[in-house]
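Presented below, as structure tokens, is a lone chain in the form predicted on its own.
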Amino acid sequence: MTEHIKIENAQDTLTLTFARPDKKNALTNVMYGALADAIVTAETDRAARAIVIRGEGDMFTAGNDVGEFAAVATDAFQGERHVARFVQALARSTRPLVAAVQGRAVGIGTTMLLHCDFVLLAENAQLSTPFVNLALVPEAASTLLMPMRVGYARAYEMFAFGETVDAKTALELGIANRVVPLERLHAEAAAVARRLAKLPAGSLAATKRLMRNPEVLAAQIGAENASFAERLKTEEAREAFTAFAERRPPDFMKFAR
């Protein structure tokens, strides 16, 4: 186990678990680095024929650690930001990606699901994409993938308002493959991964590449990352993070356009 990421390999399945339940599995730069390394390494590991992504505790993930966002916005963060490596690893992975989601999946907790090939939601799952609420833009190629999945109108609404989508609605929209009782979630995900692991890996990889061109996704990720970095430096973003820390509603009306 790396810091807050459990890495297990058994029955031809690599299982990656967010293990920071005391912080709602909020993802840190170190966690992103560990996830990226594991997914890239799986490409050449014959014992990792499928990958399961899941979270400990009562929720999948609260998304990016907001404290780190604030640090980047104020130039207090130093070093490489591994979130870009993680997202690129997801987009380029040839292995079947299975997600098991319980409770809340916020921000990248939802957008990463668009890269997964099989998504299982517990009945209590709640998905949200509150990027605009933080004066940012969506990432992980979600500005391309979400409209393709749910249509422009619903995707815009999800991004603009950041409101929660429950498991039943997510299934109806096509974001998920299956909704299962919470107590069966991880067993179902493991069973799906084992089934995928037994299929011809080359055929699965070729099919995935035809369905989801990794170069197109990488280009969209690059465009989003550039805009995201610009937005982090804005007055609007500083107001959003300050308001979050002070537990008050942000006031964006004071900024002229």
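Numbers follow the displayed sequence, beginning with 1. None of these values were measured; they are calculated from a predicted model.
Below, we refer to the form predicted together with ligand COA, which is not included among the displayed structures.
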Checklist entry - Out of the stretches listed (126-134, 85-93, 147-155, 183-191), which one is close to ligand COA in the predicted bound form, meaning heavy atoms within 4.5 Å? => result 126-134
Next on the checklist: Give me the residue from A62, I39, L232, L217 that has a heavy atom within 4.5 Å of ligand COA in the predicted bound form.
Outcome noted: A62
Item to check | Any non-hydrogen atom of H115 within 4.5 angstroms of ligand COA in the predicted bound form | outcome: no
Item to check | Interface membership of R238, ligand COA in the predicted bound form, 4.5 Å heavy atom rule | outcome: no
Checklist entry - Heavy atoms within 4.5 Å of ligand COA in the predicted bound form: does V30 have any? => result no
Checklist entry - Would R248 count as touching ligand COA in the predicted bound form under a 4.5 Å heavy atom rule? => result no
Next on the checklist: Just to make sure I understand: among 153-169, which residues lie within 4.5 Å of ligand COA in the predicted bound form, judging by heavy atoms?
Outcome noted: none
